[in-house]
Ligand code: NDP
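Shown below, as structure tokens, is a lone chain in the form predicted on its own; questions about how it binds or moves come after it.
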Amino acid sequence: MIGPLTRAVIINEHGGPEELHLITAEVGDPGPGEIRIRHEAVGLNFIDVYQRSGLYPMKLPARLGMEGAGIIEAVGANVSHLKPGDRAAYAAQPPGACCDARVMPAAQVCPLPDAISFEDGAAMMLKGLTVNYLFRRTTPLQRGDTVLFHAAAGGVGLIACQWARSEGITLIGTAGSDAKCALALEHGARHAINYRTEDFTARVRELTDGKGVDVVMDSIGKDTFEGSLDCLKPLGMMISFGNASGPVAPVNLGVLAAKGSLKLTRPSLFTHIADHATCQQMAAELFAKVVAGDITIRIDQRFPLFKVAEAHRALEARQTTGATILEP
């Protein structure tokens, strides 16, 4: 007897958006420690692009997608925090969220409050949990500190702008157009720099009276890395957490000493949420900020699941603002 079916996005080879294919497959039943979730919405992120292109190589063929939200259909043994019928959302390994329904490990799937829509849930988990670890778990940040945040008008960036404002942290954002800069300012950035028309390093120095910032949060990678180091004050922290422009070249650690005993880290969300209790706590903190109105999730692009290649092209071309979701 054939069980429930799903459409799922897969790649058979690494490459461009043309490598994305939609297949139909049986979903199956959850085993111990697993759940089956039927998606109402799926989030799209740069990690999907990295995995598709081969920057983050995967065993092929592979399914794509790292975050989603929907209804729990079934739970396996040893799952106590979720039950059939529950609303839920997640950002989790293994990839495979770009589908109608899936079976997956339950540990990083989180109960979704009724006050948060499925669309917002799908658009916020990977991005919002990333902002959580950037501001709360990577280096100590206090009210009054100053942060430089690249791509401040993107899905992660707009959440970061609001998170910083809610905690009294001054955020200087960069973006690639005046319209995107205005969007960052609207969402809580104290200052916004159009990196296409201004030297962001010089402008940051000007805005900080030559002192530099406490922390740089950089998901752009190759194009901004050197300039970002020059934005830091002595003993400042450089957090490199993405590669939208390509991977950062090998670093001469002596440069960190020469520029003021700087600190450098390359974290991953999935290390931070690997522990079930920690993941659930981080999600609860994120949900609390959304329910309280401190953070509003902005979804500016919606694509049906079968137009996933079109969605990838828009994201790679930096034609998007806020979050992008796929609709099963």
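Values in this document were obtained by computation on a predicted structure and should not be read as measured data. Residue numbers run from 1 along the displayed sequence.
We do not show the form predicted in complex with this ligand, though everything after this point is about it.
- Screening 94, 111, 76, 176 for any heavy atom within 4.5 Å of this ligand in the model of the complex leaves a single hit, 176.
- The contact with this ligand in the model of the complex, taken as any heavy atom within 4.5 Å, belongs to 219 out of 170, 201, 219, 132.
- Shown alone, this chain has one stretch from 275-283, 255-263, 41-49, 24-32 that lies within 4.5 Å of this ligand in the model of the complex by heavy atoms: 41-49.
- Looking at residue 244, you'd find a heavy atom of it within 4.5 angstroms of this ligand in the model of the complex.
- For residue 315, a non-hydrogen atom is located within 4.5 Å of this ligand in the model of the complex, even though that partner is not displayed.
- With a 4.5 Å cutoff on heavy atoms, residue 267 counts as touching this ligand in the model of the complex.
- Contact between residue 195 and this ligand in the model of the complex is found at the 4.5 Å heavy atom cutoff.
- Interface residues of 271-298, taken as those with a heavy atom within 4.5 Å of this ligand in the model of the complex (partner not displayed), are absent.
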